[in-house]
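Below sits a lone chain in structure tokens, taken as the form predicted on its own.
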Amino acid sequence: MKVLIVFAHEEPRSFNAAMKDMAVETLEQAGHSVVVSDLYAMKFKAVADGEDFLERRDKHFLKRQLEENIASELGTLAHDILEEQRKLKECDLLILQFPLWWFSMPAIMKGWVDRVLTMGFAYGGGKWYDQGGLKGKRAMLAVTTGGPEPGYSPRGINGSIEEVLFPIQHGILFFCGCEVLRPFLAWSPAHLEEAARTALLEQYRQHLVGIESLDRVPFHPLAHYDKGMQLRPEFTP
């Protein structure tokens, strides 16, 4: 299996970096090939703007989705975007690894999503959700939190972690056609003793060892919705 890890943490000696290194080592030992996009090390451009297009149909008014569609056909997206799209095309599994900042991903990773998952490539033209442009690929989140697990429960102060991650798992990964695997959550590593952090890394290693049989996050396919984009009665709890 070919794995792409998109990694977003500013400190190379962080627990996140240790998780990334653990993932590469574990997956390669299991016979998989691994490519890492270390966004901070790459100084990846996070802002989506007109410079993302080597040529533009309309040089006076930027309509991003229109230009993305055209650039996807002509191959005129910026070189760094095309390189990340190449990695995506070649991978079987995408892992997004990041610390949970403000209930979401760091800006540099959101910029990767904004710039790389373009219309005409990842979605568009009837390609969305289970029929998205990345259909056939699997995806997984590996996330560290600042707070402990109880705070991310249904009655917790932060709301359930499923709700927190829904915009990413459903609104980005599943929207683009990926089959979403159960995430790995490292709860509050910055507040743990060294032995507990080591135990967390071992838990992540075991998670990755069993990646071929991980549960999928259950999302409804397009066929379960009516023309008004509402779940049909037979699929409503």
Ligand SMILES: Cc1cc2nc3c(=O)[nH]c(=O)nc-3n(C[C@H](O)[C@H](O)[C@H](O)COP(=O)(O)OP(=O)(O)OC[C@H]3O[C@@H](n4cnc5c(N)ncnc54)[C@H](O)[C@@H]3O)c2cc1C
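Computed from a prediction, not measured in an experiment: that's the story for all the values here. Start at 1 with the first residue shown and count on from there.
Just so it is clear, the following notes concern the form predicted in complex with this ligand, a form of the same protein that is not shown.
Indicate whether I95 is a 4.5 Å heavy atom neighbour of this ligand in the predicted bound form. Flag for I95 set to no.
When the contact criterion is heavy atoms within 4.5 Å, does T144 count as touching this ligand in the predicted bound form? Looking in the predicted bound form, residue contacts with this ligand include T144, since a heavy atom lies within 4.5 Å.
Contact of R13 with this ligand in the predicted bound form (heavy atom, 4.5 Å): Yes.
In the predicted bound form, is there a heavy atom of this ligand that lies within 4.5 Å of any heavy atom of F166, even though the partner is absent here? No, F166 is distant from the partner.
Non-hydrogen atom within 4.5 Å of this ligand in the predicted bound form for each of K127, G171 and Y225: Judged in the predicted bound form, none of K127, G171 and Y225 sits within 4.5 Å of this ligand.
Can you work out which of R197, H207, K45, R64 has a heavy atom no more than 4.5 Å from this ligand in the predicted bound form? Answer to the contact question: R197.
One residue of I70, L201, L185, V34 in contact with this ligand, assessed in the predicted bound form (non-hydrogen atom, 4.5 angstroms): Selected option: L201.
Heavy atoms within 4.5 Å of this ligand in the predicted bound form: which stretch in 110 to 118, 80 to 88, 128 to 136, 145 to 153 meets that? That would be stretch 145 to 153.
Quick one: name the residues from 80 to 103 with any non-hydrogen atom within 4.5 angstroms of this ligand in the predicted bound form. Stretch hits, in order: P99, L100, W101, W102, F103.
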